[in-house]
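Consider the single chain below, provided in structure tokens and representing the form predicted alone.
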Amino acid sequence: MEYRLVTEGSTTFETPVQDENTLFPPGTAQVFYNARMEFNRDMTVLLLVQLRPGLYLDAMAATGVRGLRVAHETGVSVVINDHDPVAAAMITANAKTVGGSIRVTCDDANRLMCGERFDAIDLDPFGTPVPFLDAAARSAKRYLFVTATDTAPLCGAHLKAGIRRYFATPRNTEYHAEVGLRMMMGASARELVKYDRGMEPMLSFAKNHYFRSHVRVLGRVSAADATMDQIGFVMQCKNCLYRAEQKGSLLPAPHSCPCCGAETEPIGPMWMGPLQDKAILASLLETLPSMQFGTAKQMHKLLRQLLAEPETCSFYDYHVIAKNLRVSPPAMDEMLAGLNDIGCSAVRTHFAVTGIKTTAPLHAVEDWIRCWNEKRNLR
């Protein structure tokens, strides 16, 4: 197997040579390494610099880059695991070069988590994290980090697969990216509460082909009850863009759209609580300039967006609203300023280029867009 040296953050390690002429180069190497996930790993390293957990598990490590970086760039003690002996051998070789407190294991991830507990557990599988959530919910003492790359089932594009894997009903709405993230987090929450444990999200986002959440695990019955209170549904009208939020139940209550009278459809159950700990986000922004990250500019932009976003459970694509009204969409900045002027918080959302997170009800957004078009036509 041929190798090449790669540097992420301040960590240099060996990865297998990939065929860059294929549609998916990581799939051509004997051990998986995806350079497109550098941003994901950068964000986790930045968070761990602040959290400083006791023992961190990279449960399905492949080349082990995430765990290697955590050990080298944060000083945290890590266990790096992969069930493939070839991958484990590569991790071992890289660990000797990188240094730090690193233990390499070659085991089934579920078996490892069932037999040992870790302060922080990181699940970054190929596809869905669901098969590993039960063991991780019992094994994680303080923190649980989860990535899902099966975005089509989570967003409703592959409806039956989403229902099977997550025991929830997604819908392919204009805000499907947020639905996907919240459904993944809802799956984590349901596994934790089975064991009288709760969670508090610290940093959660959607990007490219994946969803990512970092949550604090709380080992109290009261925390489990509080977590259950944040499970619920977005009730989406079948005929128009209206939606409403229902929290605190695994069963949706019947609900009619106040705009057109149609019966709304439940999306969920999913996590309906906050996605971020805003104090932690502010601290990460302060720490970021002192760190060495290849994606620092992207990180700064996302953290600022997450800090500004109001904690609503869906967002509006204002181009979709304008199209539905059969009018022109205004400039994004002009519309955001207009909504803020009428007392409604409104900001760009990281979930979609033309998406806005706002506390304004649908009719207020529609009225503002209509009014803007009327004034424009009079000029």
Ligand SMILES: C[S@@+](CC[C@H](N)C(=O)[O-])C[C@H]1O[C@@H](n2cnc3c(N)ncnc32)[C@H](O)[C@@H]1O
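Since we're looking at a predicted model, the values are computed, not measured. In case it trips you up, residue 1 is the first one in the sequence shown, and so on.
One more form of this protein should be noted, the form predicted in complex with this ligand, which is absent from this view; the next part is about it.
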Spot the stretch among 189-197, 288-296, 157-165, 105-113 with residues whose non-hydrogen atoms come within 4.5 Å of this ligand in the predicted complex.
-> 105-113
At the 4.5 Å heavy atom threshold, is Tyr143 in contact with this ligand in the predicted complex?
-> no
Using a 4.5 Å heavy atom cut-off, state whether Phe315 contacts this ligand in the predicted complex.
-> no
If you check in the predicted complex, is Asn81 within 4.5 Å of this ligand, heavy atoms only?
-> yes
Answer with yes or no whether Pro125 is in contact with this ligand in the predicted complex, where contact means some heavy atom within 4.5 Å.
-> yes
With this ligand left out of view, choose which of Leu47, Leu336, Ala352, Met60 has a non-hydrogen atom within 4.5 angstroms of it in the predicted complex.
-> Met60
